[in-house]
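Next up is one chain by itself, shown in structure tokens, the form predicted alone.
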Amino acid sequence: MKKKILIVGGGTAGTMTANNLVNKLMPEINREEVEITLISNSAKHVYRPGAMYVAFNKAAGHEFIRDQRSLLMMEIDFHVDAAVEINSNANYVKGESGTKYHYDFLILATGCEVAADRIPGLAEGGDWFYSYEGAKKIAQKFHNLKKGRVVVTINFPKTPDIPHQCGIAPVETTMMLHDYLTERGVRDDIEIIYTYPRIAQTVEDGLFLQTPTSNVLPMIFDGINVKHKRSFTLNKVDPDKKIAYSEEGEELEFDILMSTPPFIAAKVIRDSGLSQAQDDEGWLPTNKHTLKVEGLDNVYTLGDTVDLSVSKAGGTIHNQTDIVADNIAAEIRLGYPTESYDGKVIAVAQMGLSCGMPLWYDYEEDVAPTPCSKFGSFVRLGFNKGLYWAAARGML
């Protein structure tokens, strides 16, 4: 009987995993023993990390958007249909169209979304670069800024030990902002204050979510005249007075509030009843090694939807996708999964407009800060503007 594999989500995680499954299961597909279906709420594939460059007028944005169908191997049955219901008892996902997509194996790759309204005033008074709309808006503000203060704030999920999307991004953009304002010749007239919440996963009263990086950041920031403030947990924003308030009782005036806003899982996940995350955040309970949803033997998840402590970023997905694809292929052929995810994350951080720093860590070992270089930046830009599309197609 033909095995049906269903992937929900057309972002990096869903696209890579669908193509990887075709590569690994081509003999079974050719014998019509396996079929692979991907559903997405959009016909477009948006590479979200590219928005960071849009925020500093280093990209227009269209370079990072492609037709979803063009990125998928021909063996994949693709439907533009937003998932609205997950029934793990009857093994189907219902789309907005009313179609029920039945499965033997389900992969939930629905990502996460900005939920700025969870902090009073942030939606009206803050800016962020996690969407292209938001990046274009803040880019215009940066372009017009001649003097004043930029305050950087970071918000973590309420669920313990869960990171926000792309943990290194606030550091990257703070340093990119310094370089951008220096390019414009206005840096001396603009104060940058980087703040960090009191609790960041397992780190308290730090400047980053991992201790080695947290310890080295003061020296880096001092070297570029970026002020830094620990234990500033954003509580509310007054968009009219342009004041950011912390849970600890402090307040900071700003001209621009560059924020990492709250993130939550997609609505279909939050409505599914599969998550026990706090505050209806929707993170899926995920086995840290198999990447199966806990309690569901035929449902996998990866990327930004999981409740794991590793970064919600592309450098994580690139290491998770092979685990999911290999395990499903093994289950079909052998009856059991064979691979184990070790929490590995590999990426290059954009530490300023022309300096890139390699990142490599896993469940057991935090990232070790290393010197950044122009070559590292070249590698990062080369991946973002070219190699990513090959990786999405399952070619890297």
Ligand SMILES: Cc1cc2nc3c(=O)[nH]c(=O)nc-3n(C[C@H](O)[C@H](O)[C@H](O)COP(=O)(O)OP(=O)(O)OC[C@H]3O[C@@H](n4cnc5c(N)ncnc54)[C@H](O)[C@@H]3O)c2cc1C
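The first residue of the shown sequence is 1; numbering continues from there. Computed from a prediction, not measured in an experiment: that's the story for all the values here.
Same protein, other form: the form predicted in complex with the ligand, not shown, and the subject of what follows.
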- Among the candidates 253, 294, 179, 81, the residue which, in the predicted bound form, approaches the ligand to within 4.5 Å (heavy atoms): 81
- in the predicted bound form, the residue from 282, 157, 261, 303 with a non-hydrogen atom within 4.5 Å of the ligand is 303
- Item | is_contact(residue 315, the ligand) in the predicted bound form, heavy atom dist at most 4.5 Å | yes
- Is there any non-hydrogen atom of residue 5 lying within 4.5 Å of the ligand in the predicted bound form? no
- Message: Please determine whether residue 116 contacts the ligand in the predicted bound form, using a 4.5 Å cut-off between heavy atoms.
- Response: no
- Query: Hey, in the predicted bound form, does residue 214 get a heavy atom within 4.5 angstroms of the ligand?
  - Reply: no
- From the candidate stretches 336 to 344, 323 to 331, 363 to 371, 47 to 55, select the single one in contact with the ligand in the predicted bound form, where contact means a heavy atom within 4.5 Å. 47 to 55
- Restricting to 11 to 31, the residues within 4.5 Å of the ligand in the predicted bound form through any heavy atom are 11, 12, 13, 14
